[in-house]
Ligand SMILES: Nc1nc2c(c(=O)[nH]1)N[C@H]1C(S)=C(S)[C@@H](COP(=O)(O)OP(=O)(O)OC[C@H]3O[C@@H](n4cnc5c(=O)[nH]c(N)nc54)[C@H](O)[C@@H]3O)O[C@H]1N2
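Have a look below at one chain only, the form predicted alone, in structure tokens format.
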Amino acid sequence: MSRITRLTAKIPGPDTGIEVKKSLCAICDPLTQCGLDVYLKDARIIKIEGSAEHPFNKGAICPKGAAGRQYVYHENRIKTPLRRVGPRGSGTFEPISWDEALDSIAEGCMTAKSGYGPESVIFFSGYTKYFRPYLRRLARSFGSPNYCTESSTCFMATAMAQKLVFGAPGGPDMANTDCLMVWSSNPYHTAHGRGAAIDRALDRGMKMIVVDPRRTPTTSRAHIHLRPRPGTDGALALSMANMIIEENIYDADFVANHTYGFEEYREYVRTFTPERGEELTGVPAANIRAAARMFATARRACIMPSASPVVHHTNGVQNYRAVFMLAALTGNYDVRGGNFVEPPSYLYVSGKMKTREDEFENPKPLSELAPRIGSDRFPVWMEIANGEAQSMHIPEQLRSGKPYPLKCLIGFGMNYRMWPDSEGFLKSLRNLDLIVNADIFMTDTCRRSDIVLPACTSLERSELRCHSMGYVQLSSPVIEPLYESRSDVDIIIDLAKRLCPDDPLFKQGYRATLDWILSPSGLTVDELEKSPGGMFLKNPINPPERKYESGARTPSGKIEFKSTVLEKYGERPGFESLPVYNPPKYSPDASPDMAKEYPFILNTGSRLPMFIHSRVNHLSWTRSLRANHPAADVNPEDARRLNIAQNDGLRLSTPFGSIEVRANLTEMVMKGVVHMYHGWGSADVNTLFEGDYLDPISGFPGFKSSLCKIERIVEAAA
């Protein structure tokens, strides 16, 4: 093969000057870190492939990762620190040096601290997540309780629901289960590594139940597909529980010896017959019975939850409590093949090793700091949601100034469009004296900031990750940071020098802090750097089964059908100690008068395989895989009734606003439901939700169910 042919084929070797370096993809975060082979010539990336040696993705790569080269070299990269010179929101900036930028940020934060207290400064993390331990430590060292993340709308409420039932979340052990119940997750689009694991399990004979209002690649593989109307998951779970109890196929020994509140729970679910379940959810009673029997009679069964679909309802936590209680009923908690508990090692992931992450993140206890944002309104969040403030309450506190004013927001990868009533949240930001955002691209949030900082991509930095099979990776930069960009951790450490100069660990720098965090594992940075593609642990920690036998991590010490945490709130609406089912606030059942004018259920936010929120919508490769315009999914029968054809312009409206999109006719969406993908700045579906449309327990927005109407418009939306 000639050198020219080898160059054209991008084959590495001395004659072509092409080399391959190991890295990881951090476009999705944090549970789907895929190993990468990055091909370089003359210090420039020319190709990206999945790394065949990596145990998580085994050489596979999704469209987002495959577009990584466009991501790194995109023209919209922020190239230098910027300072606003025009009115806020005008997008007019001037380049400044890093020292000028960091000194200005420090001056603003210290002024706010001296005048209003350190709690007046918000430290916010969006994407990516690798720097979160450092940002939390910065907030705590500075003295602010207000470390906030996008987990205020993603994942944390699912974890809360599990904590309220079990005390500690347990993940699905697919490798050893006989029956998997996937509850509103579509891993073939959102986590292809999990999709491959499902395929392997199905090949060996595992049964699979999928609960999802939509038809998806995952539902096509299911033995039973249950399609509840959005927001009725709790009623479906309760009717399955009714069936399991009435047919006496629950684990009576487990329930008698390890649970609390079963008799009251049993009495409550007695009225949720499969026939009533059909009435409430639209799922045929026969299918409810079949799914309940399949799950309850399997030798081992587990539940695969999702980060947000079920909890993106105003009844979300209660719905998911009812779902997870099916694992409690059948004794499938903290056992192999069930929902097994493995303590997190680093960045939410169980990596079969011990670290000092928690100790690193919390140099000061919350008890020494002011109340967090949302403390009065979301007390359960404050009690069990991992020490974060509830960022959905930021707009209200900005407007009211109570219980104290907020003056500065230091954001990393922040996207204001993730809030319901995103335009209303944007208006509330005017009350801040300083808005800072670090990001890779000049986003809409950056354009409305006072200081913008250029962050680099994961291919230009080092970051520590671990995987549940006992694999750990400390990636190395494959290229130098482009332009004047820096890693988020370097930015945080440089801010720490100005905001909390006496912090003993920040003084030592990134490598030393990693060694400190890793010390209980026996690993060191030097050792990990010798294997940039990652390595298996020599002595992985495999926790035992049934750890609840020595006491569950709930106030009662048992797995709880009736929550002792929620009991404290006196059965106030939404906080019932039993998993009481109430329909979503804006739904045909709860708001029948509104439903007359707005007859469709609006369901938003499910992912496409080529997009993750709004992060890669601007890449030509990913956009080419779907029509280059915002579109709403409409069932063909609904479209025929309304005389709507494919690509017709639509006005999608709720009582709180409207957007113009195009129609995408698909049977993936059920009749009576309109589905809209988020992430489009030109048609921001989150503007259609009122800012106060929140779950009372978690504070999560009701993005997956509201009421809407659709109208055909003459001109197609641009």
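These numbers were taken from a predicted model, which means no experiment stands behind them. Residue numbers here begin at 1 and follow the sequence given.
Beyond what is shown, the protein has a form predicted in complex with this ligand; the following relates to that form.
A.B. asks: Just to confirm, Glu150 within 4.5 Å of this ligand in the predicted complex by heavy atoms?
C.D. replies: Yes - in the predicted complex, heavy atoms of Glu150 and this ligand come within 4.5 Å of each other.
A.B. asks: Is Tyr677 a contact residue for this ligand in the predicted complex, using a 4.5 Å heavy atom cut-off?
C.D. replies: The answer is yes: Tyr677 has a heavy atom within 4.5 Å of this ligand.
A.B. asks: Do Arg662 and this ligand come within 4.5 Å of each other in the predicted complex, heavy atoms counted?
C.D. replies: It does not: once this ligand is placed as it appears in the predicted complex, Arg662 has no heavy atom within 4.5 Å of it.
A.B. asks: May I ask you to state whether Pro230 is within 4.5 Å of this ligand in the predicted complex, using heavy atom distances?
C.D. replies: Yes, Pro230 is a contact residue.
A.B. asks: Identify whether this ligand in the predicted complex is within 4.5 Å of every residue in the set Ser306, Asp439 and Gly605, based on non-hydrogen atoms.
C.D. replies: Affirmative, all three are within 4.5 Å.
A.B. asks: Tell me the stretch among 288 to 296, 455 to 463, 355 to 363, 324 to 332 that has any heavy atom within 4.5 angstroms of this ligand in the predicted complex.
C.D. replies: After filtering at 4.5 Å, what remains is 455 to 463.
A.B. asks: Of Cys34, Ile48, Val685, Leu650, which one comes within 4.5 Å of this ligand in the predicted complex, counting heavy atoms only?
C.D. replies: Going through each option in turn, the one that passes is Val685.
A.B. asks: Sort through Tyr71, Tyr586, Phe272, Tyr134 and report the residue having a heavy atom within 4.5 Å of this ligand in the predicted complex.
C.D. replies: Looking at Tyr71, Tyr586, Phe272, Tyr134 one by one, just Tyr71 meets the 4.5 Å heavy-atom criterion.
A.B. asks: Any residue of 174 to 207 with a heavy atom within 4.5 Å of this ligand in the predicted complex counts; write them all down in order.
C.D. replies: Result: Trp183, Ser184, Ser185, Asn186, Pro187, His189, Thr190.
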